[in-house]
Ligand SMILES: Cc1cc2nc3c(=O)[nH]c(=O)nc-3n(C[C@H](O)[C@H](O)[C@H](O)COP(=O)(O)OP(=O)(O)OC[C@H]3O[C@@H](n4cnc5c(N)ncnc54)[C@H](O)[C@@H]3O)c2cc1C
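Shown below, as structure tokens, is a lone chain in the form predicted on its own; questions about how it binds or moves come after it.
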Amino acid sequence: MKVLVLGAGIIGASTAWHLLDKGHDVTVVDRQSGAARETSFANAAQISVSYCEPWANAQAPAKLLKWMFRNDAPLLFRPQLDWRQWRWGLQFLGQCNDAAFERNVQQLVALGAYSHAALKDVVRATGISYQRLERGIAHYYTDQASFDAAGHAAELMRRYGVQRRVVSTAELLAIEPAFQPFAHRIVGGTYTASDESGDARVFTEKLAARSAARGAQFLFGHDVLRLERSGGAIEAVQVRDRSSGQSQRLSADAVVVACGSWSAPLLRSVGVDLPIYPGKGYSATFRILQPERAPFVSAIDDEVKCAMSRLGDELRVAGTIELSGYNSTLDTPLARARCRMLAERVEQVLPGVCDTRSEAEGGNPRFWTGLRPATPTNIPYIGRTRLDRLWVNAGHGTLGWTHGAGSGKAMAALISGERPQMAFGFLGFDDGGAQLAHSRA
């Protein structure tokens, strides 16, 4: 089959790779100059199968109300004159109960385990290096009530095969001594040895290059102008070269929409309405000044809901989600406040380890923001739409790197007429599972 993949982030690149494995003719279109230039560019770097809880839980509504007036809030809802944002918010609130939380966790863990195995297979097959550290992920707490609740969450995860271990402060520091300067604030933590970290952008770029070497065509610097619909099917995709301004019509046996947050408006243009809304995430990358004191174990800071991962001689810190539409600029007072929070937190937890100075102070931090394509359940849409030849692989939220390899492998299998072996509800194939939690297209 001739397959057209729209988007060259981790989801699109992984989809292309696995479609090639199935013998398909693959073309990938992306508006940027290369792979992984948007949402996959500078994320938290964690493969966090064991820490994939959805944002929606029984405590979320109260926290959201408390955080609404904090510029550095971990999850900030900023109301817009956009009824789709409000629809998404109401659907999110509908998931804020224990039954939905457990159902959604089950789906996310299944996809995560499948994806982690797929990632390892790709790495073995390609030898791609990407600052990978297989040292697990630690989650530390500074609040006793939150730590007590962590035991219940760990028990739930173990029910689905995730070996998340509750550890004392002393055990946590034995696992990662770098957090010793912050030990007086830590009341305990959890740890999973099976998780890992690595640079998603580097991996995606190299995977795209290897796919091109295997015969995939990559049309970088091309805007998707429109999907051409005829009756109940997609006939072609109109794209335009940003350099020359020339347009061309691409036809295919299957079109996969993997455009992150921009998947939703593109799909709506042909009558497929999926509740995918952008969550603006932030990251900062700092040069490590004292390598011997920097952590090797990737970590989650529960108090400010940020993640820290070592990438060679740099530390990547990422976190906070802002639901405020499609604005991805860093040049706003709110964005500057959220970036400053990340720098200040690193200095609190790892004092003197990184160069957290601002540019005005002579430092060189790299701040970044990306739009996370979130669904109310945090469960992505993977499967076929109601239009013939139109498929979707989007809505991964903050777990695109964790679920990328498996989502691409599953999409390639579905297009090839095969059923992936995992307990996951695929769009257009299942009436249960994830689709009970989603509004159907």
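From 1 onward, residues are counted along the sequence shown. Everything numeric in this text was worked out from a predicted model, so none of it was measured.
In what follows, reference is made to the form predicted in complex with the ligand, a form of this protein that is not presented.
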Given 274-282, 173-181, 344-352, 77-85, the stretch touching the ligand in the predicted bound form at heavy atoms within 4.5 Å is 274-282
The one residue among Leu315, Val224, Val105, Ala154 placing a heavy atom within 4.5 Å of the ligand in the predicted bound form is Val224
Checking Leu390, Ala44, Val26, Ile415 against the ligand in the predicted bound form, the residue with a non-hydrogen atom inside 4.5 angstroms turns out to be Ala44
Q. Even though the ligand is not shown here, does Thr39 get within 4.5 Å of it in the predicted bound form, heavy atoms only?
A. yes
I'd like to check something about Asn57: if you look in the predicted bound form, is any of its heavy atoms closer than or equal to 4.5 Å to a heavy atom of the ligand?
no
So, in the predicted bound form, is Thr377 in contact with the ligand at a 4.5 angstroms heavy atom limit?
-> no
**Asked** For Ile10, is any heavy atom within 4.5 Å of the ligand in the predicted bound form, or not?
**Response** yes
Q. Would the ligand be touched by all three of Val256, Gly406 and Gly408 in the predicted bound form, meaning a heavy atom each within 4.5 Å?
A. no
Residues in 383-417 that come within 4.5 Å of the ligand in the predicted bound form by at least one heavy atom, in order, are His396, Gly397, Thr398, Leu399, Gly400, Trp401, Thr402
